[in-house]
Structures are given as C-alpha cells and as structure tokens.
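There is one chain below, alone, in structure tokens, taken in the form predicted alone.
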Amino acid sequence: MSLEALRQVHVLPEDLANQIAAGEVVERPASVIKELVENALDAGARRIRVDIEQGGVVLLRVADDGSGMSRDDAALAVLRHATSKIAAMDDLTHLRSFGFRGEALPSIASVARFELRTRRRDDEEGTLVRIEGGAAAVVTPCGCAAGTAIEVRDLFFNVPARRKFLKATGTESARITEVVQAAALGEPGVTLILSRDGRVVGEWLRANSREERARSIFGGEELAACRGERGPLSVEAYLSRPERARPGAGSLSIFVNGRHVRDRTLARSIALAYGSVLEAGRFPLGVAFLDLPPDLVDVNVHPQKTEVRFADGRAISDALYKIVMGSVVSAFGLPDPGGYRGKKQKLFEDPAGPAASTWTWGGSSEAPRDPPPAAPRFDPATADVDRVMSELGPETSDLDVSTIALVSGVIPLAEADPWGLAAAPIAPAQTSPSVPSRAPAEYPTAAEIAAKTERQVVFGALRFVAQVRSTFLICEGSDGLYLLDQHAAAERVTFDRLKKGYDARAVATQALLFPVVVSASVNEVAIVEEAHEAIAATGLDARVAGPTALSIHAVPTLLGRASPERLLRDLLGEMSLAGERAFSGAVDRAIATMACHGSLRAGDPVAPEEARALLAALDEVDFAGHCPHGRPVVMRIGWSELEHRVGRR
C-alpha cells in the first residue's frame, strides 16, 4: 500500500478490527476463561465447569446450566457490540451484570477456533455456532443440554506473535485457577469445577454465604470478620492475622458490587488498617466485598473490566480503612493505629448518625492540623542520668552529662540534620567588650561528613563501647563517636555474603531435620515448578508437595535464625511482583528481603564479641553506607561537634 493511500481515512476491515479488539480483551488464556465464566454467571448459571488442556492453549471449555440462547440470539452474540445487558445510555450507570460491552465473544473467535452450543430449556433443539479465526459464522442446529457450552481451541493460532509471549503451561494454568477461584469467592451460591488435562484440580461447591465460601477457600487461616456500613457503602471482609501477610496484594481479593477488581488504593487502605504491625509493602491474606449503589461506580474504564472508578474514591478509602481497622484491632488485639490521614471532617456519618439518604460525597476539607510538639530540651537537673549511665555501662563514666544524653537518645537527633544544628541553634555567647569573642567553629555538612565516613572509616579499628536500647551500637574512633544501627549493619553483611554466594552458585545450605510444609497458592506452586533451579541457587530448597502445598528441605546457613516459611514467602512474593520479568530482575530484592528477616534484629542483645565481629565484617563487604533497603547503617558524631554541643569550644 502506498504512503498516499495510508494517509486516506478508511474503515478497517471487520476481521482486522476484531483482532485489534482481541488484543485488549484477550491477553492470555485466563482472560478467555474470565469472560466466559462471567457470561455464564450473567445467564443465571448455578453450576459451571471449566476444562483446560496444556495451560489453555490447546483447549478452553466452559459449560454452564444457565438460561441458554435462542438461535437468533446465538447468531447475534458473536457480532461486535451485540449484548443483552444494556440497551440505553442510562443503563451504564445502573449496571448489575458483569458483561455489557459486547466484545468478548467476537474477540475470542477472531484469534481461535471457536464453537458455541446453546439451548433454552423449552427448546426442542439447540444451536451450534462455529467460527475459525474471525471468519464468517456458521450456524446449524444441534443436540445439547440446556444451557451454554463454549469451546476455544488453538488460541492465537493465527497470531503467532501473541502466542510466543505466553508463559509456561504451569503459569498459564495457575492464572486460570486464580480466575476461577475469584469467581467462586464472588459467587458463593454457584458450584464451580476446574479440570486440568482431564483431571479435576479444583471444586468449589455451593456455599450459603460469603463467609462460608471464604473460610473454605482460605482453609486453615484464622480470618477476622470485618463488617460495617458508612453512608452508602457496605463492607464485608475476611482477613488474616498480620503475621500471615504476603508481599504484594496478590493474595488479597477485592470485590466491588460482586465484580473482582484490582485497586491498589483500596488494598493499601486495608493494609494501613493494621497499623505499624504490618510492614510497608505487605498485605493480609483474604477477601473484601464492597457494595454501594451502581450509580456511584463507573465500571466502563477498562476493556477487561478489572478496574473501576468511584464518584468519591477518597471517601471510599477512608470508610473502608475505619471499618477494617475497628474489626482487626478487636479480633487480633492490635494497637489502635488511629487515623492515618490526619484530623478531618467525616465523609460518611456513623451508623448511629443520620440516615443514609442524607450523606453527601463532596465538600470534604482538611481540618487545621495540631501544631507539632516542641522538641524536648535536655535539662541536667531533671534528666534521669543514673538510668542512662546504667544502660550505657561503666565504660562511659568519663563522659559528661550532656554527652551521655546526646548519644543515648535523651536529646533526639533530627533525621535530616544528624548534627542537630538546624533544630537547636547555639546562641552567641554574651561577652564583655574587653574580651574578644571566639569565631564560631565551621563544621562540614552532614552529607560531606557521611561521604567522608563512607570512604575512610575502618570499622575494625573502632572500639565497641555499649549497646543502647538493644538497637544501636556505640563505638569510639579516633575522630569521634560512631552510632551503628545493629540490624541495618547485620543486614548489609548478610546481603553481601548471600549475593556473592548466589553469583558464584555456592550458597552454603543447612538441611532441615524435618521438611516444613506450607500452604501456597496455585500461582506460587507454578513459580516453584518453573524456577526451581533459580530458587535453589539462593540456598532455599523448596519443592512442590501438592496442588496447593510446598515443602522446604533446606535453608541458607546464613539465615538459620529466620523462619523457613517466612523466607520462602518473601522469595515467592518478590518473584510474583516481578510480573513478566525474569527472576534475575527480582533476585536482588528477594535476597535483600531474605537477609532482612534472617539477620540480627532490633531488640536482640549483642555481646561485645558479636559487636566486634560485626565491625570486622563490615570492612569485608561492598559497603555503601546503607542497608539493602536504603536505611543508613552508621552515623558519626565528631569530637569537635560534641565539644561544641556541650560548650567546651
């Protein structure tokens, strides 16, 4: 085609338009299953069977006992933008069905060999619709059971570029299992059966309630029931204990009006409700159902219908946070985290307040924040010096009171200004005219001192003085005092040794006396199946023990103090978050997380011999002044600075 012809506006051929639409709707075999299962649910099915072969590439079949279609409807259903779900513009704001775009069936049929069999209960014969690679549909009568059965064979057979980007069979099968399980969570009154290569691998029998279905799917987990209403929003959630949390939100299912969605903001609100007991980036295991009027939710956002928009997303997030917080705090005995957005006006009235019809979405505003508390001042006359000196030990008895207060935390050190000069300026001394005042001493900036410390400090030459608050190590050097975060320092050493061992494929391992069996999702099992060698290179010997179980047979010797299950979950979490990237792209983060949980922790007592060994080890690593997660390891307070702070110069 000439360049001039390309510049002319023309209508795309129908088969090309269908393939473009298929690229948005049909991403992988799991996308096909999602669309077909949702169509079955919209048809009122009470029993749905899903069969797949070779990860869904060879065969995908979904059969249901729903209402079925007439011959005319079946012929229309495979045309673009043909749907029974909506008829007018206003229907988009009151959707109660899963499907409505009319794109799924023609998109699937354009990239596969497609067959649809359907019959209404009162019809004497059924209808068969065949389409191959987007060609014209062939409609004939057939015999079949009441309901609808759709077969999709040789997915992407006519789009080889798309087919080669599919993952291994285990990964694609795991994605399909996740889709079917999500459908089972959202529709407890429906029985779903999943068969893989002729063998039933999942069966979710009809349940009486969302809670019954959730507890059966997350069997063995202690789930807190979270229920509440705020204005038009109703929340029902079943969430795990904080220690069972996983990296990433993959194990937390969120439903909005029965629709399974991906929403990072809602997931984060649930995680924040646990307060400080849940580390950043980790999310509880479980499910949350949010129900609100359809006109307050826009589901016409993404072709795959996995994203939604709210009329007031901030109000939804705040209400969800408060409902979940009250329940998990009570169920698990957690400290109350309080409000995480500062003081503000209520967006929803409490249940005891006005009726739901009086709520408003807009007009929320931030209330004035309380002024920050004044930084504590050190007063030698009132400070508990005896307690501080007893914690520091007898080796610090020659330090004066102000210095002891500084290094022990009675005078806090500002995070952005380690030397405290900006936060506590020194007033010029009052001098008589006859006595010339000394010029103020000039000190390097914190960044300059930190850079000099990173380049020149020899940790093995430092003299260990004391451990403070079971968290910090105070050491004496020729140029000042050094404060080390014991966990950050140990984590840096462990990470460096693990990384070098991984690069050389020589990580020392420690076999477990008895294998540790842990429950796992089908996606995690698929990861272990496919990346077993890469995982073994980290020193963790994990094997598949069943469809939803893994066993741990050995752990890295360096991480002997950590829980084997926690190490495996950290590793799988990072690999899951890597998404389409190879494991090598996530290995540094995985090793850093494993090193974090397998190293000396804040609160652990440290003997002088251990402290000296840690200092010596820091000289052997590729030290950059920070732990693998970016926190500073050491801070130096020069003797000149100490003398200046206590008025000696």
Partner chain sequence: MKLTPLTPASPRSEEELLGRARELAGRRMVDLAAALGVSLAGDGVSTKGKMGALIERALGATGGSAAVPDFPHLGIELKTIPIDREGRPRESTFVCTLSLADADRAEWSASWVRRKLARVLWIPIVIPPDRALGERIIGAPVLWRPTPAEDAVLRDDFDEIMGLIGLGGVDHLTARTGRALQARPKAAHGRVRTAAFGPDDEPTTALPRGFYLRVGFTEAILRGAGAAGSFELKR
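Residue numbers count along the first chain shown, from 1. Keep in mind the model is a prediction, meaning the values are calculated, not measured.
The same protein has a further form, the form predicted together with the partner chain, not shown here; the description that follows concerns it.
Margin query: Quick check on this chain: which one of N257, N158, T191, S251 has a heavy atom within 4.5 Å of the partner chain in the model of the complex?
Written below: That would be S251.
Item checked: Listed residue that, although the partner chain is not shown, lies within 4.5 Å of it in the model of the complex (heavy atoms), from G275, P247, P232, P515 -> Selected residue: P247.
Item checked: Non-hydrogen atom contact C142 with the partner chain in the model of the complex at 4.5 angstroms -> Flag for C142 set to no.
Notebook entry, point to check: With a 4.5 Å heavy atom cut-off, would you call L223 a contact of the partner chain in the model of the complex?
Noted result: Flag for L223 set to no.
Check: Are any of the heavy atoms in L166 no more than 4.5 Å from a heavy atom of the partner chain in the model of the complex?
Finding: Yes, L166 sits close enough to the partner chain in the model of the complex that at least one of its heavy atoms falls within 4.5 Å.
Checklist line | G134: touches the partner chain in the model of the complex, heavy atom cutoff 4.5 angstroms | finding: Residue-level check for G134: no, no contact with the partner chain.
Check: Hey, of 223 to 231, 327 to 335, 170 to 178, 473 to 481, which bit sits against the partner chain in the model of the complex at 4.5 Å between non-hydrogen atoms?
Finding: Going through the listed ranges, the match is 170 to 178.
Check: Within 179 to 200, which residues have a heavy atom closer than or equal to 4.5 Å from the partner chain in the model of the complex?
Finding: The stretch 179 to 200, when checked against the partner chain in the model of the complex, contributes R196, D197, R199 at the 4.5 Å heavy-atom cut-off.
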